[in-house]
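Here we start with a single chain on its own, the form predicted alone, put down as structure tokens.
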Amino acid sequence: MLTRARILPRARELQVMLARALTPQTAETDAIRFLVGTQSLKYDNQIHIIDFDDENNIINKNVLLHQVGEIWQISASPADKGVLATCYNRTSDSKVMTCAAVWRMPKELESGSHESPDDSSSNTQTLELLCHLDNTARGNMACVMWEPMGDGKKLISLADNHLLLWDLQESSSKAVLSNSAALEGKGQLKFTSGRWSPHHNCTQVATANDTTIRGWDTRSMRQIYCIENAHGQLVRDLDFNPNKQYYLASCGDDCKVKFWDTRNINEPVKTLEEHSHWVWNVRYNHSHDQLVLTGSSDSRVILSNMVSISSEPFGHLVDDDELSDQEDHHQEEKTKEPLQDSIIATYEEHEDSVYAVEWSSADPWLFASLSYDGRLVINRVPRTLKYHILL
């Protein structure tokens, strides 16, 4: 099943607005909803709220103005449906700075499944600025991460070579820097991406700079592991396995996706080489960690079944007392040897570089991908695989 939406500057315009920022509305667990941030130098930039009506296979869209600049990254609060953070470009004194801010959408748009008018631009609303993450003395913001299991009051931002931990106070209208760390070494070291681990009581963060992956303890802001030369070229993205606390996925400009056990960083546990150009994004499924999505500037999205390094390498197992004799025999066959890793599907609906892939926070079998030309594609995990995993 395939659904497409193009992000248009105005209904009467034929030109497609560029976009590269995508996030699920993390706190929304009932409706299927994604947020897309545009990247235009010609028009006011926007955040498109994309609601997917699964029963009728229809996309509804609402538009919020983001007039401060082109959006490079967007992330949604894990606790509050109406709150999000963006990293965006701002020109000041003829210099372009990448800044970060926390915003609130209008109350009536916080929950999903709102029908959009025929001309969504005619009903455009504006985001409410809650606070800036002040990076005046620390350089350009690369990304903002929310504490995964938190109350939406803790953020980490990466600015050039600085790792910054923020507390949101006074109804998120004030961001207070509570701790920080800095990359040290030769040359101009800069963070490119990061991911906050949902494990270890949310006290660990992984970051990427150049070809190196580092782990940090957010309590002491000290480095706890370092994977040098993790990729042959720039590391683009990271993600933690939601069910295995030491497992981390990475991707980069060497066209590879690698899986790491952070207790043994000498070599990756597994490597995928299915893409033919830079891999920009890697995402574990939140519920079934054998399902891994990747997006690349080869214009393809690949869904992989990495079952051998998942939390269920022998498939989905159930308790003995729940099985009949026939089911018990089937279960014995299932547990004899691990299942094989495989490429489930390669999606080629995009015509431009795919900069973002994300799983829905409401439906574990549904995902979205976004290419630079502004095309959003929503797909489902093949039904046969879904039932194979569940049964």
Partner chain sequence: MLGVHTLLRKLQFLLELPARLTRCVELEAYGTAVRYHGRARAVLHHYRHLPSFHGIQADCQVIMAGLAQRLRQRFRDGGSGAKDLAECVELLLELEEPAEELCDEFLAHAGARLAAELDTLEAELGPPGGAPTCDILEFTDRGCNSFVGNLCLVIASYQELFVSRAGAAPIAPMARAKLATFVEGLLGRYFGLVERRVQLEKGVGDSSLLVRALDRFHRRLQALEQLLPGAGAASEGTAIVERAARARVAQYLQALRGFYQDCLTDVRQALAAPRLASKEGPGLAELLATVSASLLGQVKAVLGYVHLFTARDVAFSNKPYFKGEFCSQAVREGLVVGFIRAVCGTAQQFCEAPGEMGVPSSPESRLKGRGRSCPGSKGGVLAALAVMEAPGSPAPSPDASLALQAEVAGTPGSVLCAEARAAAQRLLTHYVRVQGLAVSQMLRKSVETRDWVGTIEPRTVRAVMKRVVEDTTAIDVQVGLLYEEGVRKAQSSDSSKRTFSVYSSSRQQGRYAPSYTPSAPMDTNLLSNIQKLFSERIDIFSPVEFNKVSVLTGIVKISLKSFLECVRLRTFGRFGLQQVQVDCHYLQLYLWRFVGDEGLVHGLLDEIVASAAHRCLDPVPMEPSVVEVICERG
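Numbering follows the first chain given and starts at 1. Note that the structure is a prediction, hence the values are computed from the model and not measured.
Keep in mind that the form predicted in complex with its partner chain is not shown, yet the notes after this line are about it.
J.: Given that the partner is absent here, does residue 39 sit within 4.5 Å of its partner chain in the model of the complex, heavy atoms only?
T.: Judged by the heavy-atom cut-off of 4.5 Å, residue 39 is in contact with its partner chain in the model of the complex.
J.: Within 4.5 Å, heavy atoms only: does residue 125 come near its partner chain in the model of the complex?
T.: It does not: once its partner chain is placed as it appears in the model of the complex, residue 125 has no heavy atom within 4.5 Å of it.
J.: Using heavy atoms and a 4.5 Å limit, would one call residue 216 a contact residue for its partner chain in the model of the complex?
T.: Contact check for residue 216: no, nothing within 4.5 Å of its partner chain in the model of the complex.
J.: At 4.5 Å between heavy atoms, is residue 52 in contact with its partner chain in the model of the complex?
T.: Contact with its partner chain, no.
J.: Out of 178-186, 87-95, 286-294, 195-203, where are the residues with a heavy atom within 4.5 Å of its partner chain in the model of the complex?
T.: The contacting stretch here is 87-95.
J.: With its partner chain left out of view, choose which of 273, 151, 108, 170 has a non-hydrogen atom within 4.5 angstroms of it in the model of the complex.
T.: Partner contact (heavy atom, 4.5 Å) among the options: 273.
J.: Could you work out which of 278, 240, 103, 259 is the residue within 4.5 angstroms of its partner chain in the model of the complex, going by heavy atoms?
T.: Checking each option against its partner chain in the model of the complex, the one that comes within 4.5 Å is 278.
J.: Is every one of 18, 254 and 353 in contact with its partner chain in the model of the complex, taking contact as a heavy atom within 4.5 Å?
T.: Affirmative, all three are within 4.5 Å.
J.: Does anything in 221-241 come within 4.5 Å of its partner chain in the model of the complex by heavy atoms, and if so which residues, in order?
T.: Heavy-atom contacts to its partner chain in the model of the complex: 229, 232, 233, 234, 236.
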